[in-house]
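Next comes just one chain, in C-alpha cells: the form predicted alone.
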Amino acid sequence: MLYDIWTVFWRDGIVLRRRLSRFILSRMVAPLLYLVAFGWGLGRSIQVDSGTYLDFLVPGILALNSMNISFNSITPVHAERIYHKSLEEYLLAPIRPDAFVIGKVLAAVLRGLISSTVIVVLAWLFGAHFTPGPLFLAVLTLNCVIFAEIGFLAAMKIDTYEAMSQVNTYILLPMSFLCGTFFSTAALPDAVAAFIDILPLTHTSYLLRGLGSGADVSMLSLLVLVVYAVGGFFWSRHAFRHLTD
C-alpha cells in the first residue's frame, strides 16, 4: 500500500521538481497583490481588535491560497480522465484505488504547503507578526487535504472543462471572500453567518488566525476539519472505485 502511494506521489513529484522555480514564482504574484493592496493600502485605514490589519490578513491569505492551490493542483486528473484518457494507465496498473487517491491528494498538499511557505516568507518581509507552530501547520495541511479531495471529486464527477471551471465560480470564489479571509464573519447577517460557519475554509481561517496570534481557539473547529478530511477521502475513494466497476 505504501509503495503504491509513493509511486503515485513520486510521479507528480517529478513533474513538480522540473517546474519548481516557475511554480514558486507564479505563486508569489497573487499573495504580493493581496499584501500590497489590502495589507499596505487598504489595511492602513482599518482598525482591528489586536495587532494590525496585516496581521489579521495573513492567516486568511494562507487559508485562501492553500485552498486554491490544492484544488487546482489535482484538477489535471479531470483532463487525464476526460481528454487524455491516460487515467486508464492507473486503472490497469497494479495500484490500489485507495493508494491512487492518497498519492494524488498528497502531491496536491505538497504544492499547497510550498505555496504557503512562500506566503509566510513574504508576510514576514512585509512586517506581519504571527507564530506558525506545529498545530498551525497541521491545520494548514488539513485545509490542503480537504480541498485536494474536493478537486479530486470534481475531477471524477464532472464531464466537461466548462463545468469544471464552474466549481471555481460557484464554490471556491464565494468562500474566498466570505469565509473570514478578509474580514470577520461576525460582520455578516446572522442567517448568512450561520451558513458560512458550516464551510471548512471558515474554520481554517479562524484557527490559523487564533493559533498564529497565540489566542485560544476552539478545538471544535479542528474536529470539523478532520470530519471534512475523512469524509472527503471516503467519498473520493468511492468515486474513483466507481470508475473501475
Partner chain sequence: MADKDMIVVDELVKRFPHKDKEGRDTEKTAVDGLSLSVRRGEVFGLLGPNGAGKTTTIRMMTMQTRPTEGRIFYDGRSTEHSPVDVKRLIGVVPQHVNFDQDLTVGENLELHARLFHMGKEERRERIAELLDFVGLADVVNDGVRRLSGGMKRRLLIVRALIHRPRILFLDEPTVALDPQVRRRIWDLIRQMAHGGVTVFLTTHYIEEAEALCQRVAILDRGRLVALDEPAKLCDRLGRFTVEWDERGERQCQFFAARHEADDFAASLDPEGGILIRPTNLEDVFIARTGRKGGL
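Owing to the predicted nature of the structure, the values given are computational and were not obtained by experimental measurement. Positions refer to the first chain, counted from 1.
The following text describes the form predicted in complex with its partner chain, which does not appear among the structures shown.
- In the model of the complex, residue 122 stays away from its partner chain, with no heavy atom inside 4.5 Å.
- Interface membership of residue 25, defined by any non-hydrogen atom within 4.5 Å of its partner chain in the model of the complex, is ruled out.
- Residue contact with its partner chain in the model of the complex: residue 89 places a heavy atom within 4.5 Å of it.
- At a distance threshold of 4.5 angstroms between non-hydrogen atoms, residue 95 is in contact with its partner chain in the model of the complex.
- Residues within 4.5 angstroms of its partner chain in the model of the complex, judged by any non-hydrogen atom, belong to 77 to 85 and to none of the other stretches in 130 to 138, 112 to 120, 77 to 85, 143 to 151.
- Contacts to its partner chain in the model of the complex (heavy atom within 4.5 Å) from stretch 133 to 171: none.
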